[in-house]
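One chain follows as structure tokens, the form predicted alone.
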């Protein structure tokens, strides 16, 4: 499988690269174009008038979130390969899938968003205009996810959200044409908060490192709100720009704050760098560290600084002992890519598998029909057990996994970074559908 990285400054001709996502180069049988008695909307039916359907993918392949973006991309690629080949794992999630979606072979293009909303929107607009993308996806930055929400609603093309931790994605910035599978600020706080209170006690003082955009602000707010119920107070909230090269001034304020616990909300390389510098400046000798929204690869990248640290996450590979589909995914992913999947890849895979199922259930790529299939709220298989999407805000109701970094002496393999402390059911973690101001808009 090949794809071409879309970089800033490339020519228009060089911007797009489609790729079939096939196994062993095998081609799906050519199918006759079909016509449905539905009015044209968005890129439908033009985008599925032939034997293929195109998906636009935008992930950060450069910048502070690049490592996580690559993991997410691998999940998308594996899902497309499995959908096109009719893999057994896809059939477990989408039983009506044979090969392709509604018999259409999936092709895709990849854009480097660099975690910048404008770049993601421009690339996806071209995928829609030039390739008639029937669905778009991507994220890793919630600012990108929110921007793509708005693009999807305007263009009437489904947006299946990639990594996005902001409450706003399915809150005040929700749209009819957007769906999110992964956990987010509210559910992270509601899951890890009780663990923190049990471990550290009531009435503690917290210091926050917060990235200055929608993800950071909403995750920090959710943590503050929950911990306040146990008498915790915020002694400092240090807000830094995305991609900050140096956290010394912020960490000096943290060190002098008298905090008992440092809650690092930073993500990607920002989380790695700020955690490393917190250790260098002696902050972690003064207070405990918690990562409320776990960052894929942070344990590896920080060289053991996650030992004994609690974190909330979407997925951790050792849950395969409890969930057979997780085991199937882990084995397929590791065989293809040579490492255990992190949660960016899991979210990408499951999001695509659910979208394929909704198209099959609707019997159509017509966007309103696919949206209404999601909005039935039916129970769906996933890698973490049964889940469902809420019709009111299009948020998947799914478990949050609490992990604790293992001591090096207890690791059974080089990727055995965490113990799973608890798998917290999703239903009790969710806010009411309208609590964050979701008004999704119209179908047409």
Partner chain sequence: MISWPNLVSQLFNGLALGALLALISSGLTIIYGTLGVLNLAHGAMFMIGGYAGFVTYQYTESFVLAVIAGSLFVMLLGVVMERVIIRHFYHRPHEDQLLVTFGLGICFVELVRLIFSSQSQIVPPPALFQGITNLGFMFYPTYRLAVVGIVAIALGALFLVLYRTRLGMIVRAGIEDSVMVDSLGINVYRVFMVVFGIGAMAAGFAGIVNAPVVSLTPGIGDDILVQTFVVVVIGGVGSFPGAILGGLIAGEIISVTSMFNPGYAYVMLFAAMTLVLVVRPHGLLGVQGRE
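Residue numbers count along the first chain shown, from 1. Predicted model only: the values in this text are computed from it and were never measured.
Although it is not shown, the form predicted in complex with its partner chain is what the next lines describe.
A.B. asks: Hey, of 189-197, 302-310, 225-233, 320-328, which bit sits against its partner chain in the predicted complex at 4.5 Å between non-hydrogen atoms?
C.D. replies: Looking at the partner contacts, the answer comes out as 302-310.
A.B. asks: Though its partner chain is not shown, can you say which of 257, 218, 366, 84 has a heavy atom within 4.5 Å of it in the predicted complex?
C.D. replies: In short, 257.
A.B. asks: Report the residue, out of 131, 125, 98, 276, that has at least one non-hydrogen atom within 4.5 angstroms of its partner chain in the predicted complex.
C.D. replies: Selected residue: 276.
A.B. asks: For the three residues 66, 246 and 269, verify that every one has a non-hydrogen atom within 4.5 Å of its partner chain in the predicted complex; reply yes or no.
C.D. replies: Contact check passed for all of 66, 246 and 269.
A.B. asks: Even though the partner isn't displayed, in the predicted complex is residue 337 close enough to its partner chain, meaning a heavy atom within 4.5 Å?
C.D. replies: The answer is no: residue 337 has no heavy atom within 4.5 Å of its partner chain.
A.B. asks: Test of understanding: in the predicted complex, would residue 281 fall inside 4.5 Å of its partner chain by heavy atoms?
C.D. replies: Yes, residue 281 lies within 4.5 Å of its partner chain in the predicted complex.
A.B. asks: Using 4.5 Å between non-hydrogen atoms, is residue 285 touching its partner chain in the predicted complex?
C.D. replies: The answer is yes: residue 285 has a heavy atom within 4.5 Å of its partner chain.
A.B. asks: Quick one: does residue 62 come within 4.5 Å of its partner chain in the predicted complex, counting heavy atoms only?
C.D. replies: It does: once its partner chain is placed as it appears in the predicted complex, residue 62 has a heavy atom within 4.5 Å of it.
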